[in-house]
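First comes one chain, alone, set out as structure tokens in the form predicted on its own.
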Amino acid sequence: MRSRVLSGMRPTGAMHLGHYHGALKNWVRLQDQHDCFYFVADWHALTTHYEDREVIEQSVYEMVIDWLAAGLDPEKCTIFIQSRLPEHAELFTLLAMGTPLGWLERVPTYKDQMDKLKDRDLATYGFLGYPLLQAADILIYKATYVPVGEDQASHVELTREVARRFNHLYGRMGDFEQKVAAALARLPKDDQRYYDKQRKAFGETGSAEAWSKGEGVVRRAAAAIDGWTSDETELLLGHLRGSGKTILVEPQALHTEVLRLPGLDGSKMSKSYGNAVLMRDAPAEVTRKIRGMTTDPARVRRTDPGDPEKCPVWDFHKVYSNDATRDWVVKGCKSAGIGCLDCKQPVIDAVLAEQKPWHERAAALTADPKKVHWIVEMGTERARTVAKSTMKDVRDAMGLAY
């Protein structure tokens, strides 16, 4: 069985090259290796753009078209819309009952976003709680991996803590301790003592080595002891991690290669900053934008030498150019042997070549909007099947199955 990957994007505007190289490119690759669930995070968009419903409404299907144009295949991955699945909101609500407020207030991106988006009123419960909604998005699909950049790793760690706490609170049946004792009694005495030593070490320090050693004892027992059951394995692994039965799976952050492209002015690429090259910009628009890019400020005149490391165009060459072209750029820039427009032309050519299949796929999808809607419908129903199954487990564990 393939491991499951979960990721999403907020529909707050057109996709640009930064989105593609920062996330979509990896999504396309991961769909061939994992069971991938990719969702339109429209509820998340409301946490910061709750007054801009038109932007969100207009962006949802346009973003899906960008995804499909980039190479996502609905036969290989599940594409769906978050708000079409009320199970996400239900799990978010139930997790909120037992999640300490301090956990949300300490998320690094909370204060960071408050500072960056001072023009918006973010003193809302929705904004404070969005990391927990994000945790619900991940946990409801029992995802093994979440592809994130380093700046989002804290969200995955919060998700792990939330899952661990939930399993600790609700994964312990009334006779949990007795069943653990019975399973341990089936181990050889030395293994019992060794397991208990590793359990204490893991509980005190969170040591990955202690976890691995303790897990090894359980796995050996499963392979060697006649009549050993998967329930006994689950019990001892739950006891080892200090929780009970695993109802919600703790995901791992998947740190895939992220290629960051700056905006046309050298700062972060963003449509709201007016410095982005959109995935489906027309060729003439791409040419105009890149020809107008900010360059090394030391190159005031054509005859002035420059330094590629101080020029945003160089970051585009790192992504789009081969070694020979990059060598040509370095030598030509530092010696003033080439002008800035000469330097930009290979980037323009490479971006236009990359965009060509996107334009072709997008044109076919734009001409047949019902096909796009159908892809989302099918993906949403596939996602609903998994979400409903998880929520049954959650309700049973919390005593809400009456």
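Sequential numbering from 1, following the sequence displayed. Worth saying up front: this structure is predicted, and the values here are computed from it rather than measured.
One more form of this protein should be noted, the form predicted in complex with tryptophan, which is absent from this view; the next part is about it.
Which of these stretches, 205-213, 98-106, 271-279, 126-134, has heavy atoms within 4.5 Å of tryptophan in the predicted bound form? Among the listed stretches, the partner-contacting one is 126-134.
Evaluate Ile140 for contact with tryptophan in the predicted bound form, applying a 4.5 angstroms cut-off between non-hydrogen atoms, and reply yes or no. No, no contact at 4.5 Å.
Classify Ala163 as contacting or not contacting tryptophan in the predicted bound form by the rule of any non-hydrogen atom within 4.5 angstroms, answering yes or no. Flag for Ala163 set to no.
With heavy atoms only and a cut-off of 4.5 Å, decide whether His16 touches tryptophan in the predicted bound form. Contact check for His16: no, nothing within 4.5 Å of tryptophan in the predicted bound form.
May I ask you to state whether His34 is within 4.5 Å of tryptophan in the predicted bound form, using heavy atom distances? Outside the cut-off, so no.
Just to confirm, with a 4.5 Å cut-off on non-hydrogen atoms, which of Thr233, Gln152, Thr93, Gln252 contacts tryptophan in the predicted bound form? None of the others qualify; the residue that does is Gln152.
Consider the chain as shown here, without its partner, and state which of Leu240, Val286, Val146, Val218 has a heavy atom within 4.5 Å of tryptophan in the predicted bound form. Looking at Leu240, Val286, Val146, Val218 one by one, just Val146 meets the 4.5 Å heavy-atom criterion.
Is it the case in the predicted bound form that Val28, Arg29 and Gly71 each bring at least one heavy atom within 4.5 Å of tryptophan? Checking in the predicted bound form: none of Val28, Arg29 and Gly71 is within 4.5 Å of tryptophan.
Stretch 40-70 - residues with a heavy atom within 4.5 Å of tryptophan in the predicted bound form: Ala41, His44, in sequence order.
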